[in-house]
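Heads up, the chain below is alone and in the form predicted alone; it's given as structure tokens.
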Amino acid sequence: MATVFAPGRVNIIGEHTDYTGGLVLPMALELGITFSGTTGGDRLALTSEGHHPVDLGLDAVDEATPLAAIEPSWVRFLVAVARRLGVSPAVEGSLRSTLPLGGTGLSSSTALTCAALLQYGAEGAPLALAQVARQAEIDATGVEIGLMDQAACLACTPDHALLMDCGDLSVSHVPMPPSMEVLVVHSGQARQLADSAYNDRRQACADIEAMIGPLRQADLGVLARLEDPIHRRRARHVITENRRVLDMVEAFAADDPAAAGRILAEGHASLAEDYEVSIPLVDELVERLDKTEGVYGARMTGGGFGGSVVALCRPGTDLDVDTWWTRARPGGGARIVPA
């Protein structure tokens, strides 16, 4: 019998950069998924708050069964992890989540995947485990995601954001300044990454890099070499977003909330105009938050097309919104919970 906890995450800055080997600055949340269970046996039997109980014989989840045929869909993440590890998916137990339901963009699927990874006995360095979790999520969803979510879920430390170079996989822990509190606000529009244009954006970046080389090493001067205006906008977002990550680290080190707020505003404008992954509902929420007393800046967070907004605020700031929101303390990575 083991109990594991895996957190959700919010990305402060560095959006749609991870799959081009760029820079990201996420932090783990204190909200997440607790998975208690006993592995082995001949069934995959789980209870989960907000979902009907699952009780499947191993013949329903064996190697001959395509992941896409397994229902309910969230069980695919567990089976995908077990297949990546080469172990039986049999487990009996329960799942409990403190992450809000409804496609909030806080990486609940990654939290579930990483919880399953530890529940099935995976061991290793956090970034090595993150790569296994990433492959399992790709197996389960068919979406070619980057490594940021899994790294944040497994490698973050309390009271710090995680600066990660997704090219060489180097990481450093960045202290969160005391003058800034992170708030996460759901837009009210559920985000489903597999239903979005995420893969289209990723393919556009691959096409751009085939023409000009790695975006991680590019500067704005390369834009003149791109004839397609859409390619120019996509490249401009990635290049400037990498710069914004470094600028945010400097703003945190200087404890400069005004600069941090400006960086978030610039990041949202780039995502909305150059990368075109925001939606009017999210834009309206960001604008409303930017006008709220105590809010230094806000932007959409996650893959886009709905989900949540992240805001940096003066500590103790309250919001008058109709959707779910929370104060987000930077937490630690996935771990086994002592008995």
Ligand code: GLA
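Note that residue numbering begins at 1 and tracks the sequence as displayed. Just so we're clear, the structure is a prediction, and the values are computed from it rather than from any experiment.
The form predicted in complex with the ligand is left out here; the points below concern that form.
In terms of contact with the ligand in the predicted complex, the residue from Val81, Leu154, Leu112, Met148 that brings a heavy atom within 4.5 Å is Met148. Interface residue among Tyr120, Phe77, Tyr198, Phe252 relative to the ligand in the predicted complex, by the heavy atom within 4.5 Å criterion: Tyr198. Trp325 falls outside the set of residues with a heavy atom inside 4.5 Å of the ligand in the predicted complex. In the predicted complex, the ligand stays beyond 4.5 Å of every heavy atom belonging to Pro330. In the predicted complex, Gly14 approaches the ligand with a heavy atom inside 4.5 Å.
Residue contact check for Gly306: none of its heavy atoms lie within 4.5 Å of the ligand in the predicted complex. Only one segment in the set 120-128, 140-148, 179-187, 68-76 has any non-hydrogen atom within 4.5 angstroms of the ligand in the predicted complex, and it is 140-148.
Scanning 306-335 for heavy atoms within 4.5 Å of the ligand in the predicted complex gives no residues at all.
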